[in-house]
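Only one chain is shown below, in structure tokens, and it's the form predicted alone.
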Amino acid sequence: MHRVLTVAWREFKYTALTKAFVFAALGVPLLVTGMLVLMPLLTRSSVQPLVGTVAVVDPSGTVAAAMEIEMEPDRLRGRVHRILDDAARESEPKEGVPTDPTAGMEAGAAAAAALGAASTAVDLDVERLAPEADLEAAKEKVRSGELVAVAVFPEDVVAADGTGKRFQLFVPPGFPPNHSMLLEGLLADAATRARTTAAGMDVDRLRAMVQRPSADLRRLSSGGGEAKEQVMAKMLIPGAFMMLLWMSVFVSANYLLTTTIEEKSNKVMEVLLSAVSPLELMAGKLLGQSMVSAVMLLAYGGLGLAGLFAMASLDLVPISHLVFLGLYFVMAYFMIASIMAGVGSAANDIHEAQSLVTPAMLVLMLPLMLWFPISENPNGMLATVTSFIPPLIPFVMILRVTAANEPVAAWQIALSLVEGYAAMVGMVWLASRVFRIGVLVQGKTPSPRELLRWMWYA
């Protein structure tokens, strides 16, 4: 055991106690935290005001006056809130309608532009142009910067049947996207105001009548308290747990693969084997890299918990979830690390190792592809079946137990732990048989069939 711990400390020291790893494990979380704090300040200071003159060609003679009303500060804020409400409504799934994968992105882009518009100072003048005015000359003024934009409305813009619902808007080169959305919204709202006024109706009253009421969604805690519900955070937490497990395990396991190949190709392995047995060497490597993986898990997991604490949503992650994370982390690490150790001992360079480990990596990509289906239905057939397939067990189960829907049956959790740890022990044992032969073999990299023969005869 003393020799195993010596090898483990050597692995940990030459992996974790380096400048590159310290920056990756500690510097990156601190850098991300600093960016989250500074980004709003930098964004706010970089927003350009929307200042200048907008020329309007309006045969009805009513849109320009309506636009001056829409540019009042209170109405500008109300328009931004309407854009955000529309974006949220577009991103909601609708019953009986297939989910459009681009709808959420479009709604998010609209919301981002609306937030940018909310922080934009507006000081616009409206210049009325006659219908027979030279439009090309107005466009040249836009290109030269003399005008902010030119808007051309159709003659039937105030038609009650909505036929005049399309207008042209010409903006200069390099016009900021949030300015485009802000100006487009102003002109569209002005046209709507002109149309409703011509019909003898009050647009402000109509907007107030059709405005959707917002819900103050509160989450009740088992202790009797309540807190504001963070729906988006609750949806992303299962994926965050799985990605945390995935990242901490695979980064360290990849270190194990590369260091084993380097030591074998540089003949360092022969020196090490003069002092320890192959099994002691493999055990020390697995143990040392497990400590490296634990450091990354604590660093990035602590950053996530700090973020939830800052949002007063720490109760979204109960203690039981952290316990399951620890249990499935040990299982996932030794499963993946045993594969990497076996492949690293058999390969002579990293390119040969990639060809051997690729099939296993394709299987392990399944939890990433099945993230949303499993999170949405953690007790469905797909989630249940994949929960008992090694080495998918830890990644699928951490998704299921942290999902926001109905809890997973206790017997399934217990069975996954028993089966998973049994599979882990079996994978480590098989890897040790490959490792014992592979570290001493030079020359041609064995095929998958030869690796199976090593497992059987070693």
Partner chain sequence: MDEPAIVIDGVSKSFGSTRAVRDMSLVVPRGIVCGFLGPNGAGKSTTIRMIMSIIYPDGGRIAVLGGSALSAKDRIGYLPEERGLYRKMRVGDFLAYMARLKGVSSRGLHQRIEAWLERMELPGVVRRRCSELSKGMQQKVQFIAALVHEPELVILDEPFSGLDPVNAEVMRTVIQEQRDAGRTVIFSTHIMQSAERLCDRLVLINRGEKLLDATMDEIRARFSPRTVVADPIEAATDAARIADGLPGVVGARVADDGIEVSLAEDGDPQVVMAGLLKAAPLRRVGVRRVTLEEVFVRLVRRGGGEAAAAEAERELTSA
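Just so you know, these numbers come straight off a predicted model, no measurement behind them. Positions refer to the first chain, counted from 1.
Just so you know, the form predicted in complex with its partner chain exists too; it's not on screen, but the next bit is about it.
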Stretch in contact, per heavy atom within 4.5 angstroms of its partner chain in the predicted complex, of 323-331, 286-294, 266-274, 341-349: 266-274
Using heavy atoms and a 4.5 Å limit, would one call Y14 a contact residue for its partner chain in the predicted complex? yes
Hey, in the predicted complex, does R453 get a heavy atom within 4.5 angstroms of its partner chain? no
Close approach of L440 to its partner chain in the predicted complex, 4.5 Å, heavy atom: yes
Is K444 near its partner chain? Define near as a heavy atom within 4.5 Å, in the predicted complex. no
Partner contacts for 1-21, taking its partner chain in the predicted complex and a 4.5 Å heavy atom cut-off: H2, R3, T6, V7, R10, K13, Y14
